[in-house]
Every structure is written in C-alpha cells, then in structure tokens.
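Okay, here we've got a single chain as structure tokens, the form predicted alone, with questions on binding and movement later.
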C-alpha cells in the first residue's frame, strides 16, 4: 500500500525527511509547505539538494489540505498549535519531529490537539531519536531483565560542530548564568520529560512524580561557533535530568549533557552518543553511536560537522518510518506504546533515487 505524504517545511530536519520519504517504498511525496516566500514555487528536490522531483513547494494551505494526502510530516523550526489543529481537523494524519505526548504544552493545548484529531478522525504521532525512538530500545533491553528497578538514559554530545548552533541562544548559551535558565530549559525541552511517560507506559511503570534538575557549564575563554559568540564566563554547556519517580525511587531517568567544546567549568565527560542502562537481574548496558557512510566507528573526539549533521537524519527517520503505522492507527494522540513494531524499509541500492 502507498501512503501520500505532504512535507511541512524544508528546513534542516525537513530536508532529510523529504529524502526519507522519497526512499521509502510505501510513501509518495505529493506536496510541500513553504514557510518562507522565497521557496514558494520551487521544486522540492532542488530545495533539498536533489534533482527536481516534480513537486512544487507552496504556501497555499487550503490547496495542500484538499489534495487527498494521507499524512503530513510536520517539521517546522517550532510547532504552531493552531496550524497543527487545522491539519488534524482536515482529516490528515500527522507525524511530528517535535512532539511526543504534548503534556508539556499544557492541558489546553494538548486538549485542542486531541479534540482536533478526534474531529478529523486522524492520528498524531511524534518522535526523533531521543526523546522518541529510545523507548523502543528501553523496552527491548528490559525484556531480558527480571525485576528491573530503573531504566537510565544518557545523551551526551559536543554541539560545537552543529550548523544550527545559534538555536541554543534561547536556552541561555552565550549569556551569563541566571536561575531563570532552569525554568526556560524545563519548558523548552519539555518533550524529554514526555519521554518518561512513554517509557513508563510501555514498561508498566506507575510514575508518581516527575522531577527536573538543571545545571550549567561556563567557558573560561571567548569562543564562537558559526558566527555565534560565546564570551568568557557565559553558558557553553548544560546538563538536564528528568526523573520519573515511584514514590521516592527513580524508575526512569533521562540525563542530557550538551557541551560546546572542552575545558568548560565544570567539564562533564562525553560519551558522544547514547548510553542506556537497565538496573535489574541482570543489569543491561547498551551504547548507541552514529557515524556517516563510510566511517565504521566514531572515535572519542567525534568526526566534526559531518557527524553533527547526522542529528537531522536521526531526528527525521524515526518519524518517516512510523508513517504507515500512524496512518493505520486509531484516531487520537498516539505514541510508541500504541503502535505495532516499527522498522525501517530496505531498498536495494540499485533502486535508490540518485
């Protein structure tokens, strides 16, 4: 069966989503939304660094929503609730790269999305690598451990090669330390906390409380990344921890460490990827890293911008891979706990789009 898909924006993640849609044997790209006026009327392939594919980007929302598509791949720089509601009410399923359960957006916003999905008989699903795909790995790991007590995740990466580094200004990077950044990060990165809900749902953990902790690291010298200044004494790294508690015992812990280079104060060690642990009988330990094609392993110092750019691919592909299951799911807000096993789709090299 083929599913018709509209790509909503063609930014960093959206461009990789387009490539993923074109490579997926069950998906057909039929339209694309252009957020900026200069992209209107341009071929989507050219916008994504590909040969022309015969699909033009447009800002005519009514035309997009009435073209008979099955799903919208929603990947703007920042989600717009009104926009999402309009898409769902029009009867289009939606997969989103910046959404997990919506609880961190507040009861009103989440309620609007749930109501819109029911009205349009559509499903809304969100993912990425972490938060997002990681609960799959947790559930598989916990399956071999009896009486497990806690599931822990650590994401730790050096963001200095990341082309969109300036995005972290809204989290306080390049600015003096201030207590306000704890609340800012808790709100802006709320989807990580939502990941606890999905893991708990998949593993049958009755979470009684969610806790959040924020720590910052400063740079001792002036730095700059892609033209974005990070003066001495300002924030150049952070550690955020979300804990899902069962009474006073942590049952799910998500720890996220981001740094801009080394020699920060404090200078937390990096694993350059994802470390996942299950505490039980037996304990289970898994490390997940990523490397570009042709690079078999990634050393402790990383591989520069080429590896950093993989963040866009590993954010987009869990969403793309889920589209068939989401289109076939019952209406409403859906998570990995609701969907069948999701896998990638193999395409022989000789048949891949050049």
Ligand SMILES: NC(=O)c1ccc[n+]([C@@H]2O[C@H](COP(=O)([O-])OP(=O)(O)OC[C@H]3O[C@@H](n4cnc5c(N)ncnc54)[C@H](OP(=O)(O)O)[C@@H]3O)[C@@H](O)[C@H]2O)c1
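On a predicted model such as this, the values are computed, not experimentally measured, just so you know. Positions refer to the first chain, counted from 1.
One more form of this protein, predicted together with the ligand, exists but is not displayed; see below.
Colleague: Would you check, heavy atoms only and a 4.5 Å threshold, whether residue 128 touches the ligand in the model of the complex?
Modeller: Contact check for residue 128: yes, within 4.5 Å of the ligand in the model of the complex.
Colleague: Answer yes if any heavy atom of residue 98 is within 4.5 Å of a heavy atom of the ligand in the model of the complex; otherwise answer no.
Modeller: Yes - in the model of the complex, heavy atoms of residue 98 and the ligand come within 4.5 Å of each other.
Colleague: Is residue 36 close enough to the ligand in the model of the complex to count, meaning some heavy atom within 4.5 Å?
Modeller: Yes, residue 36 is a contact residue.
Colleague: Please run the contact check for residue 164 against the ligand in the model of the complex: heavy atoms, 4.5 angstroms, yes or no?
Modeller: Residue-level check for residue 164: yes, a contact with the ligand.
Colleague: Which single stretch, out of 60-68, 282-290, 321-329, 36-44, brings residue heavy atoms within 4.5 Å of the ligand in the model of the complex?
Modeller: Flagged stretch: 36-44.
Colleague: Of these, 76, 193, 273, 172, which has a heavy atom no more than 4.5 Å from the ligand in the model of the complex?
Modeller: Going through each option in turn, the one that passes is 76.
Colleague: Give, in sequence order, every residue of 1-32 that has a heavy atom within 4.5 Å of the ligand in the model of the complex, or say none if there are no such residues.
Modeller: The stretch touches the partner through 9, 10, 11, 12, 13, 14.
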